[in-house]
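Let's start with one chain on its own, the form predicted alone, as structure tokens.
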């Protein structure tokens, strides 16, 4: 990745590229306000040539800042050109060589609990939007936040919570891994993984893609704050529902799919069902084979 990555360049990208994209749908004053709510994302960019895991680096960063009796900057983002010990859910290895976007963002939580639940949704939407905007218009989201192209996984996201040992602040670590230009995959995932560059048949400018993804993450987290503030007078959602949930429904191909569900679906699948929709707080609505319905808030699915 180009070492010229900087918070100032990200801010310029948001102003010159992301804001005009959003004003195609939102009035400019509202779009600007939403981006201000999310402006902390990427306000500090820490770049490494190699790390074991960016999540571990994020935890170390928090510990070091707190030991110095300082405050962690919300939105601090740690990036690495390659990872040697990356993983996704549970103990699954994530292949993270040169050419992909590998990183973690530290978010200091100030959201209400029900908005906090949608942070993983916000990350998945940001990934899918960035992949689509870079040329893969057929990219979709598989619940809750895997990004697929043509049925193959191109991006995954992981959210972990952490309470500061000294500050007692609540942190949310948002990990992201997106296959951008890396084209070689281990044998065990060759049939289920792809990259954006492979799909497009050309390399993608990784610096621009990084700014694009972080700009969209900034927008989506800003949207969580904007919508929460709009509801604070009575905390009653309006009839149109949460804008992030509406966007997820636009981008996901999960509704209507027959799936295998499990908390760890690869190791311990639990049952088969058909996806009907997603609730306003991110729960997956499923119709079981006997016709009964269930809503799951944790776990994962694989398409049948």
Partner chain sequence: MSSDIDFDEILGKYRMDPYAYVDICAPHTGVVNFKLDKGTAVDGVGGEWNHIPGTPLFQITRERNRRVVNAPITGIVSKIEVERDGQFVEAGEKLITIRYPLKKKEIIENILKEVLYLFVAPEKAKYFFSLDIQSRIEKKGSRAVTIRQGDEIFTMSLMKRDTPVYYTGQEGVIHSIYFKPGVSIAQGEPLVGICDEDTLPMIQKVITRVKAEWDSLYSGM
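Numbering follows the first chain given and starts at 1. Source: prediction; values computed, not measured.
Keep in mind the form predicted in complex with its partner chain is missing from the figure; the text below concerns it.
Of the stretches 41-49, 23-31, 262-270, 60-68, only 262-270 has residues with a heavy atom within 4.5 Å of its partner chain in the model of the complex. Its partner chain is not shown here, and in the model of the complex it never comes within 4.5 Å of any heavy atom of residue 82.
Among heavy atoms of residue 293, some come within 4.5 Å of its partner chain in the model of the complex. A residue is said to contact a partner when one of its heavy atoms sits within 4.5 Å of a partner heavy atom; residue 132 fails this definition for its partner chain in the model of the complex, lying far away.
Within this chain, residue 6 is remote from the site of its partner chain in the model of the complex, having no heavy atom within 4.5 Å. Not one of 138, 140 and 223 places a heavy atom within 4.5 Å of its partner chain in the model of the complex. The listed set 183, 160, 229, 205 contains one residue whose heavy atoms approach its partner chain in the model of the complex to within 4.5 Å, identified as 160.
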